[in-house]
Each structure stands twice: as structure tokens, then as C-alpha cells.
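Shown below, as C-alpha cells, is a lone chain in the form predicted alone; questions about how it binds or moves come after it.
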């Protein structure tokens, strides 16, 4: 695609093939900033590339911002959790706005994030930092005391989360003091929070000039396993309240531009509780699912557009489809975890493959026979994609996959 020199020049932080392909087909100049293992691929495919190791923080860390500035880059876009702070630091230089670094730090530290949300009048559960196992046991006891539990009543669970990891990584559910013993030392300090009974869902919101240009609701069937877009009418009915919540979030976190991915709970009486917010694309290939249902829409291009300081309001408006109305059906995906301790081959169940909603999968044959025990939520072995018209059937189908064996 021909690049327009009057539009923004964008640095993509991190590596995502789909993001690179989207940038290739977009009318803006771009450069990929990724670790040196990406170099050979970029050279071979003529992809503009600058090497950078995001894991190394030292006195040369500001160098990347200067390098990009000298190249004439206008803005950097984080592609995954570990590059959010880097984007904040780089953009504070490129856009001459030091507050962007502080904002990125808030988006990376779950405990600071919850405090900021609370200050903005956003509902959150009870939370505290844990520095050791004693803190966790004390918090578990205190939460259950607050809930007026009697001796012998089962405990209400608490959640333990890594301060700065993406999504389900490092997330544990703790019900008894015995489970606390299993937490390794390196997981501290971490965030503890009370369990919120309710329907958890995610939002993807694209923001330009402090206003929402597109808001998607992603419906989890089971957290860590499955999601589909757009959400069912049951969840979509809350769209007006959810939009208000996102506007409050934008105001509280001073978000002028970009793409955010917050998670919320709706309780049975319709109250909204804030879980957390990320300043990057969501996991579980939600961008790809959105592209599947909204024809001609590319979520990566949309993200580059709202980050670009040179994008006009008219251009932004014209790019986005109309939520839900323009969607051609529902697209969902399921993350497969082996259910057996020993597996020898990949075998897609017939009922999955024969279902009219089944589209494709990206599962590979097992590398090892013994399945490593999952710590916390763990990482799935690959995704299966579905597409169909009926959200109820999509919901049932995604739930059903949890009972099937894909690795035998």
C-alpha cells in the first residue's frame, strides 16, 4: 500500500505478524521495534525494523526514544503488556508529554490502577498488596470475617494476581490457608482482591480526542477458556451503562487517544464493578475475531489510527463500523488445555469438526507426552475458531468444548 507522508509515522512495539500485515496494507509509514530474533524475518520480507530488547532496563533505555525521534516517528503503539511502559516512555518524548509515562505506569501496576479507579469514583472490590504468605492468610480471614462467615462455613475465595502480568498469567484463586503454602516466593509482591460474584466481560474501546469511537463488548463463556464477539443481547442490553463506565475511566485515567481493554463485572442487580484495564490489544485473538465479523475492519489499523496524532476526526469517524448492527454474525474462540496427564497425539473431536460453526484451529501435535501441571491459569495449547449467527448456540458450543479431549 502506498504510504502517505502527511499522515503519522508509527512504531509498533513488540512482534505480531497480524499487526505487521495490517501496517503493510495501511496508508501510514511504520517501523517494527522488536528483539533481535525478528531481524532475519524482517530483512527477508522487507519489513522496516529497529532492534530493541524490552527486557533490559539500563541507562541506555532512553536511546530508543531518541532513535525513533531522529527517524521522524510520530508515535509508538504497544502490542503486548510488556511494551506498555516502553510506549509510555517513548511517547512522552515523541509527543512532548511527560504525563504519558506516569499514565503507562498506572496501566501496568494493578494496585496503583485500582487506587486511581477508586479515586475517580469507580467501583472496585476490596484489594490489598501481599508481600508474603502471611499477608495472604490475613486477607483471606479478614474478607471472610467481613462477610460474617461462621465457623465451618466454606470460605469466600480471594484472588491473587501478579502486579504487572497480562490477563490470566499469575492469577490464582485461594479458598483455604493450605492453598497459600503452594505459592512460590517469586510471585510476591502481588495483588489480592475479594471475589466479585457476577458476570465478567471485557471491553475493547478505541479512543480519539478523549472520545470513544468504537466500543466492543467481548463475552467470556469461561474466563481463560473462551470468548466471542459481539456479545449476546443479554450483555448488550447493558451497553448504555457500560459506555458511561468507559467514559468515567477515560476521564479518571486522562486517556486522550489509543485503545484500551478493560474488564468488568456486572452483579445480579445490574451494578458494574471495575476489574482492571490494559492499554494494549486483548489476548485470545479478539482483534482477529472482530475482523471476522466486521467486514473491511482491521482492529490493528484502527489502533494505529487512533494513536496517530496526525489523524483527523473525519478520518477516524469514517474508519469504524457501527457496533453490533454491522456485524455479520458472532465469532468465538476456545483455548485448548489438555485434560489428561499423558498425551501422545492431537485428535480433533468429530462433534467439534462437524459443527456448522467450526471454522479452523491452530493446534499442533504435542511436543512432549507428559502434560506439565498448570500453575494458576496457565497457557493454552492453541485456539479453535467458530463463527455463526446464534449467540445462544455459540455460547453452548464454547461451553461444550471444555468437556472434550483434543489431546489423547
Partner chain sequence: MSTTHSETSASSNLSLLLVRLDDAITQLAEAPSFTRPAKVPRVLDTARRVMMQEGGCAALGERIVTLEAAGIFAGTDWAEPQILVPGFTTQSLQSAQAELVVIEALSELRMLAVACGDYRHTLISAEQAHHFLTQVLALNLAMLFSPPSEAQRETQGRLAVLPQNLLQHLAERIGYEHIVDKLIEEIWRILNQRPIQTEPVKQMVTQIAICQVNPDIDLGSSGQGADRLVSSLFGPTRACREDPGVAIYLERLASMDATALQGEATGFARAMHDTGLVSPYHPVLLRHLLDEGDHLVAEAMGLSSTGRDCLLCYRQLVQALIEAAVHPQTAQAIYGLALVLERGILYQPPVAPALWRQLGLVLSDWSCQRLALAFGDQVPPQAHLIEGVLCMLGQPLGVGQGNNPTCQSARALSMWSYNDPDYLLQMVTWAARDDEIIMHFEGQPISSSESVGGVASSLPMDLDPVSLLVVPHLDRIYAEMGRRCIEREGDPHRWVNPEFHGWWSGRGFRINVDVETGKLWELDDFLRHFYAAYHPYYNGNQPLIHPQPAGVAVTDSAARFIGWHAISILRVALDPQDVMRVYFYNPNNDSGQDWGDGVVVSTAGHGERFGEASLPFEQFASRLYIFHFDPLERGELAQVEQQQLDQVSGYLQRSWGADRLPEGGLQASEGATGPG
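Positions refer to the first chain, counted from 1. Since the structure is predicted, the reported quantities are computational estimates derived from the model, not experimental observations.
The same protein also exists as the form predicted in complex with the partner chain; that form is not shown, yet it is the one meant from here on.
Although the partner is absent here, residue 20 is a contact residue: one of its heavy atoms lies within 4.5 angstroms of the partner chain in the predicted bound form.
Taking non-hydrogen atoms only, residue 353 approaches the partner chain to within 4.5 angstroms in the predicted bound form. Taking the partner from elsewhere, residue 341 is found to have every heavy atom lying beyond 4.5 Å of the partner chain in the predicted bound form. Among residues of the shown chain, residue 110 is not one whose heavy atoms approach the partner chain to within 4.5 Å in the predicted bound form. Note on the partner interface in the predicted bound form: the residue among 36, 63, 359, 27 having a heavy atom within 4.5 angstroms of the partner chain is 359. Shown without its partner, the chain has 292 as the single residue in segment 277-309 with a non-hydrogen atom within 4.5 angstroms of the partner chain in the predicted bound form.
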